[in-house]
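To begin, one chain is listed below as structure tokens, in the form predicted on its own.
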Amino acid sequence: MDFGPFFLLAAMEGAVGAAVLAVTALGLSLVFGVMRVVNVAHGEFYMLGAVIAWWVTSLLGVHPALGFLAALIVSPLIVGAIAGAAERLVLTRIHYDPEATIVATIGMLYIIQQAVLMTYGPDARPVQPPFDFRIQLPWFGYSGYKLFVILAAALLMLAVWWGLTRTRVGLMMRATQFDRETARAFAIPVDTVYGGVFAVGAMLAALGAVLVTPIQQAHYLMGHDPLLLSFIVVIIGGLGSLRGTVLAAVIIGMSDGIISVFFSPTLAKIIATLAVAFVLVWRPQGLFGERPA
């Protein structure tokens, strides 16, 4: 294959990775932006979403499209319920203290990971895609499902944007983000908002995982890379900035996909980490983050 078509193939693979990364990192950015909580367990909620997707499709034993649709609904709901329970039982009891929260979410990480290992096992298992057709380009054929992942991720991000900017719930979340005490004075249930935001952040991670499981097999260690890349994206885009998160996810996801195809995935991670270092030196608040007063 000539360089041009090969580069196009790498860019398309990068776009798929960027789409999933944007949805996953959006959940992490939302939690930090509203709650000021660094959720180290975010990658494990991603992994849990993939594993539950496999369980749902395996248990139902129906047509792949119906099984995938069921997983797309059930998996985020279960993960969101688990995250909401963890927030009530753990984070509220430590009053969202920044240092204690990091330690607590690290504990969540290992609890979820080991629970999945004991029940699901160490094997990587595939989820059958809901449909199997290829788009025939002049140079190569390309998976129609991967193009669907890009479209679905774009629609999810638009739904999050609409929810934050056009609904009463989004208004309460933004008010809580701006000033928690003033929000309480206006009778906004801050504790309920926090619980909902933490659950929604985990659900976004689970949705990203469900979308990717027909491409990558589900296994109990699959949360590491999404967690690392999500942190990179959130730092580069600006902590709490959804616009910055999406833009940074596109940049990091595309570069990761292209560099991985032409060179190696390890080099892609090294370059992404160096990009974080440069951003922290040049613009500590990130590309779209607000400079502290």
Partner chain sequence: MSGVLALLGGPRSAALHLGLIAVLAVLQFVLAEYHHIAMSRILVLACFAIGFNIAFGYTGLLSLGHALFFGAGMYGAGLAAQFLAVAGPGAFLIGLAAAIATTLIAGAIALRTAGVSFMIVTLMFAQAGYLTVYYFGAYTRGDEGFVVDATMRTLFGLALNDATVRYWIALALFAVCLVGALAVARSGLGRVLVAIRENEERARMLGYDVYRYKLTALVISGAMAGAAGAAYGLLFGYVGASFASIQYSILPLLWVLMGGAGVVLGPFLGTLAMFYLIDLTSGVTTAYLLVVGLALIALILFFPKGILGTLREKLGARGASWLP
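Residue numbers count along the first chain shown, from 1. Take the two forms, find the largest set of C-alpha atoms that superpose within 1.5 Å, and that set is the rigid core. What you see is a predicted model, and the numbers here were worked out from it, not measured in a lab.
Omitted from view is the form predicted in complex with its partner chain, to which the following refers.
- Remark: none of the three candidate residues (A19, L72 and K146) comes within 4.5 Å of its partner chain in the predicted complex, counting heavy atoms only.
- With the partner omitted here, the residue from A81, L171, L158, M118 that has a non-hydrogen atom within 4.5 angstroms of its partner chain in the predicted complex is M118.
- This chain lacks the partner; the member of L137, I94, A185, L77 within 4.5 angstroms of its partner chain in the predicted complex by a non-hydrogen atom is I94.
- Heavy atoms within 4.5 Å of its partner chain in the predicted complex are found in exactly one of 101-109, 200-208, 187-195, 171-179, that being 101-109.
- Shown alone here, L66 lies farther than 4.5 Å from its partner chain in the predicted complex, counting heavy atoms only.
- None of the heavy atoms of W55 is located within 4.5 Å of its partner chain in the predicted complex.
- Not displayed here, its partner chain is approached by Q114 to within 4.5 Å at the level of heavy atoms in the predicted complex.
- In the predicted complex, its partner chain stays beyond 4.5 Å of every heavy atom belonging to A15.
- For the stretch 219-235, the set of residues having any non-hydrogen atom within 4.5 angstroms of its partner chain in the predicted complex comprises H224, L228, F231, I235, in sequence order.
- Taking 2 Å as the criterion, V16 does not count as shifted between this form and the one not shown: its C-alpha moves by less than this amount when the rigid core is aligned.
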